[in-house]
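In structure tokens, one chain follows: the form predicted on its own.
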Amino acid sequence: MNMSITMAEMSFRTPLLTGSGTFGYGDEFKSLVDYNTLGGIVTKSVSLEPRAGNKPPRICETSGGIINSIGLANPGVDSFIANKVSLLPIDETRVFLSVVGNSVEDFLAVVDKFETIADISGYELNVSCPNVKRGGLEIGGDQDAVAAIVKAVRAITKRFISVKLTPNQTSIAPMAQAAVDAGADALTLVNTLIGMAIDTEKQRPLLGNVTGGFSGPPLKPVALAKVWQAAQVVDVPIWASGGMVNGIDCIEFLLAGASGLQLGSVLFTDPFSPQRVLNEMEEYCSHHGVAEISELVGALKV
């Protein structure tokens, strides 16, 4: 069967991608992942200046998932270009660079520097990270701010742009429409929910930043609903992100309207999961007489 898919005139070997922040810059997974199972990777977010991140503890387990408060720690764009670009698996799969910033100017500066890198496939604009005290959440909840970032970046690049939106809003449709109207080629739905955990013995938060981004299997129903809602109002590819741990999870997101499927937290517990998940998707297609995986995109019967 044909597991390839086309999005924004780009062909992808499979619908599977890796979610930003769960796969580093790809180099750590080279001995663990068969890149033939992936359509692409999304790198850890990169900002204009280096970021040390939030104070520890930065990650904790909770019922069914994890909460992280990394704070977008990264070396900054100049150091990334000097030291990390050579490690990217550009020859093995599509690479999308995740960009984060506190302002339109920040996003523009990072993308402008990234434009000098050959052979990358595009960008994911992270406008919605819930574990930083300024920037992400405020920007991600403001339609005008999101539209301004996308419009400005669109003006300086012809490369593919996906915009990663927050689930921490009542309806995602207006934000999705704003991003697409401003020039986004795709949407990534969704980032993590705001979460918190407490050590009752110490009567203290388990995270140094108190709250963080909640991810893992419990996020799936929320992400699934957001994908469905956005697919009703926009006509661009949607990259699903949130709670996928097996092939059936991925099939659900395809039926709801997603074209790409970002594996995230599952990579922490099972770094070999892309091959397993792809096999499970193929088994589903074989059982249901699906010749091409693209047939399932948006095929939900309601």
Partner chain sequence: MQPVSEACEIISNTETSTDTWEMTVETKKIASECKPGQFVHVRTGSGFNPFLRRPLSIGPCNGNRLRLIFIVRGEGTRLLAEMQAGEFVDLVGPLGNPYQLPDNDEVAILVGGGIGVVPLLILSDYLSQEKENHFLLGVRSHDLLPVLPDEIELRGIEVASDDGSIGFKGLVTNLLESKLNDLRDRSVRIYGCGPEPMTRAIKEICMKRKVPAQVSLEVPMGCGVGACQSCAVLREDGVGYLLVCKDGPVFDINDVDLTPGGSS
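Positions refer to the first chain, counted from 1. Everything numeric in this text was worked out from a predicted model, so none of it was measured.
Below: the form predicted together with the partner chain, not depicted.
Site annotation in the model of the complex: the residue of 117, 152, 73, 145 reaching within 4.5 Å of the partner chain with a heavy atom is 73. Looking at residue 52, you'd find a heavy atom of it within 4.5 angstroms of the partner chain in the model of the complex. Interface membership of residue 183, defined by any non-hydrogen atom within 4.5 Å of the partner chain in the model of the complex, is ruled out. Residue contact with the partner chain in the model of the complex: residue 48 places no heavy atom within 4.5 Å of it. Heavy atoms of residue 217 reach within 4.5 Å of the partner chain in the model of the complex, making it an interface residue. Residues 245, 265 of 228-265 are found to place at least one heavy atom within 4.5 Å of the partner chain in the model of the complex.
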